[in-house]
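This text opens with one protein chain seen in two forms, each one given by itself as structure tokens under the names structure 1 and structure 2.
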Structure 1
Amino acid sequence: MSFNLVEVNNLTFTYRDEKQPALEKVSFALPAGSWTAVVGPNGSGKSTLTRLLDGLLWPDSKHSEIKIAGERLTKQNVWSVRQQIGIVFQNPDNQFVGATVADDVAFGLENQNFPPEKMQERIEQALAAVKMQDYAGTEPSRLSGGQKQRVALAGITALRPKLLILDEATAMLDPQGRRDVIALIQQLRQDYQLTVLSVTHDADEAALADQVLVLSHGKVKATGTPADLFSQPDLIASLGLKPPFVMDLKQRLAAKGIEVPAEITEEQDLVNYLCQLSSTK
């Protein structure tokens, strides 16, 4: 935990034909093994950020710096740096390249010129890790969105990256699929010592993070723990996030004159507190 897997300094990026930069002087660090959530309204630069980290876009000037595992990202080393990064995108269908589940997991390995004789074992392992081993020969059109995202995760873990980027990876899933994928990511994170960066609109997903990075109009507006963030209802609303149930209820109660202490953040604690309040007449 002592070193930073990712360091970003002074990152500025402007899309062609645009006057306003999509990102402006953004700096942050991701400690190795940590989970960071990036939140912000649409158009705040969240997806641009993930693309810059992966070298799919390039910053405006040389003063911007992205370091991954101590190495500065340049056009020369982008392909080797990219091997350390796996991204799961939002649309489950539009990142599924293979004609079958196994072929899709193989795609990344093929790109790295991975020895074919070892491929089968690696693919089976990766599919077992995401509990999709029974679907190796299945075509994508027969899978649910959640299953496709699990295959995407298998394709990534097969390559053993250090950084996992989730670019609204659960946004198009149903609640069950979302829960499955999030639980899986937590498991994979432990098994493969992954550092996670998740761009999300989902407050429950953000709540899992060690730190939250709030982007607004291309700038870092705030950083802190999820608890810090969720204690600022106005900020949450301005970000277009749905506050977690307990936070929302506390605010509604406060508006009616029932102040609940800030340290109560769990549902059961709130239940106990309210019942105590009603019985002490």
Structure 2
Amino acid sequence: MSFNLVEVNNLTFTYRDEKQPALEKVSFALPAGSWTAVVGPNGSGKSTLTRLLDGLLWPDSKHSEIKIAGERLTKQNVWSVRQQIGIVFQNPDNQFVGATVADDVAFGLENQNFPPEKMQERIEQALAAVKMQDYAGTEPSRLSGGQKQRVALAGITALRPKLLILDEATAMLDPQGRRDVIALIQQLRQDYQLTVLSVTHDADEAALADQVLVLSHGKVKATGTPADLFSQPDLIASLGLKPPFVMDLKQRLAAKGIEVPAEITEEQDLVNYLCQLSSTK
């Protein structure tokens, strides 16, 4: 039976000395186990949203509500609720505190008073899950950008959160590194039953989500599946986004009279379909 892991209702927040709210009456839900991408231009409120979800900021209105796993987030329970949330930021260097990779993964476990006799097992499991077990004794500064994000993910998965927030987590990676990290997150989501909220400017990353939340000037401008939203060129252009490669190519093919089935949303599936189509002619 499905349920909403996160429910946000009427969320409003204004920064000090600002007249316009950074977020205004934002409402949405994250079904348990789902992947939701948050897109929008700079200044639309995306990062503000992640800080509110983690209790780093507090809403303006008493009518605003954030519920995580059925529990309303308050100043009294913020520390316990945070234990259900893991965040990976754009620059992983800002998250490293340990002298070695293993030390860094251990840091969160130590903060939660994890039993020492079980800590090593949890560290080894987490590093194996992200394929970084051979780097346990390495200094984080010696790692590549993609490897650093893998270690950041290991530190989070070791804690077994329910919600994983990615705040532009792949923005500093090259295309291959971005694909590798996204594939890893998809695997971790399946293995650990994670619910994922991904803040991104990358339309191809957003296209992999189950649903997309579009923010503009602090308000929810649209929600829907990637196929629904990226089939609206005027909306995408107004946000300063480029459509995902696959959807852009499908639109170009349609203009040439070649209709590609709507369920094809990934590059390899499109390649296979076009190869089959070519072989029948």
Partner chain sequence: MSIIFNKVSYLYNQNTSLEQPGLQDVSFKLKTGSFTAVIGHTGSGKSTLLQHFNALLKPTSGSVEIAGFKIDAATSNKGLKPLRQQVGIVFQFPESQLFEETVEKDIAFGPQNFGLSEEEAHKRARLWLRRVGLSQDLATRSPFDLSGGQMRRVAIAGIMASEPAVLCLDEPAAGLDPQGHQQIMQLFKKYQAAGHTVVLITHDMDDAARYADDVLVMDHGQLVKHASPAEVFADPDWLHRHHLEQPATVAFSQALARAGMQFEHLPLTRSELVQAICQQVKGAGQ
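Whichever C-alpha set is largest while still superposing within 1.5 Å between the two forms counts as the rigid core. Please note that residue numbering is based on structure 1, beginning with 1 at the start of its sequence. All values derive from a computational prediction rather than experimental measurement.
S.K.: Name the structure that matches the description of the form predicted alone.
M.R.: Structure 2, which is the form predicted alone, differs in this respect from structure 1.
S.K.: After core superposition, I'd like to know whether residue 247 moves between structures 1 and 2 (criterion: C-alpha shift of 2 angstroms or more).
M.R.: Yes; that C-alpha moves by at least 2 Å between structures 1 and 2.
S.K.: In degrees, what is the turn of the smaller rigid part relative to the larger one between structures 1 and 2?
M.R.: Expressed in whole degrees, the smaller part rotates by 28 degrees between structures 1 and 2.
S.K.: Having superposed the rigid core, state how many Å the Cα of residue 274 shifts between structures 1 and 2.
M.R.: The alpha-carbon displacement, core-superposed, is 8.7 Å.
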